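Below you will find one chain, with nothing else, as structure tokens; this is the form predicted on its own, and questions on how it binds or moves follow later.
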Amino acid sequence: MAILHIDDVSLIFPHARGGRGVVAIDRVSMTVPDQAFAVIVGPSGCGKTTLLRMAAGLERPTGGTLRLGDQCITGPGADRGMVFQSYTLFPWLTVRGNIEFGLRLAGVSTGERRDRCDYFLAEVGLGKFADAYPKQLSGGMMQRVAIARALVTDPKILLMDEPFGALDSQTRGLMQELLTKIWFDTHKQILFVTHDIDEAIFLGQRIHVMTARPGRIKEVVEVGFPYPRSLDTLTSPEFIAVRQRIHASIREEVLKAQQDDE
């Protein structure tokens, strides 16, 4: 079971002049079950991305531990796929070349690379663009390539840092629907960071709401809408009720932070 365990994790950024450091994350504990779709939301600057980067092994905690299954997370690894907000594709490689890149490094045979790449090209709807280069693609298409590249190596968990934040609203909605379909098809464990409450509710099964800095887990909201989801979900009474609850929770944190800064 590839369960992600974040146990009593803290991160303190040292002061540039040797003074008291800044506490970014404060004793956070959370669990992402195998095959679950979990989302982190919270006020700006609460440490959402920092927590995700620690799960990716890109940041080391000051205290506490992170584990994926039985393995402690001490750095990046092939067991974790990462999708960033920026389009991190290799411009000199085709769509197929980008998706197969990790498989090539792992020594996977040519035939298996092609088969696995073809499967995910179909999943993200880019079968006709296998030989195109990134400069020939739209932003949404490039993120589809990035998702396929992260999934093709069969990581235990997919870590996503606001991957749709730079897209226009129409493309963003289509990408959200696509991601719920991919998750429904693959049941790959996902930890997704976003500042968009509607996006969090539309995508996730379990939403972790963080406090203002220092970031802590304020509450966990379970979302019961069935998959795959459609944009009609956004107008349901159940969706609106969850949105009001999370919006009120985050607003309370923003107001607290403003009062502390005064």
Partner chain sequence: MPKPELFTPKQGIPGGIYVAVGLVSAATGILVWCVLSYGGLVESYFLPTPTQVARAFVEMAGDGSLWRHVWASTSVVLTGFVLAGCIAVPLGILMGSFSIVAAAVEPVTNFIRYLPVSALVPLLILWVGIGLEQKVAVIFLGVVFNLTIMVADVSAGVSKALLEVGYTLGATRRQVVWKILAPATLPGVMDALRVNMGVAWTYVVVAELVAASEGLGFMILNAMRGLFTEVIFLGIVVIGLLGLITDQGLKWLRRGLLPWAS
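Positions refer to the first chain, counted from 1. Predicted model only: the values in this text are computed from it and were never measured.
Only in words, not in the display: the form predicted together with its partner chain, which the text now covers.
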Is K135 part of the interface with its partner chain in the model of the complex - any heavy atom within 4.5 Å? yes
Partner contact for M82 in the model of the complex: its partner chain, 4.5 angstroms, heavy atom: yes
Flag R53 as yes or no: does it have a non-hydrogen atom within 4.5 angstroms of any non-hydrogen atom of its partner chain in the model of the complex? yes
Partner proximity in the model of the complex: T88 to its partner chain, non-hydrogen atom cutoff 4.5 Å: yes
Just one of G140, G125, G102, G173 has a heavy atom within 4.5 Å of its partner chain in the model of the complex. Which one? G102
If contact means any heavy atom within 4.5 Å, which of 161 to 169, 188 to 196, 94 to 102, 113 to 121 contacts its partner chain in the model of the complex? 94 to 102
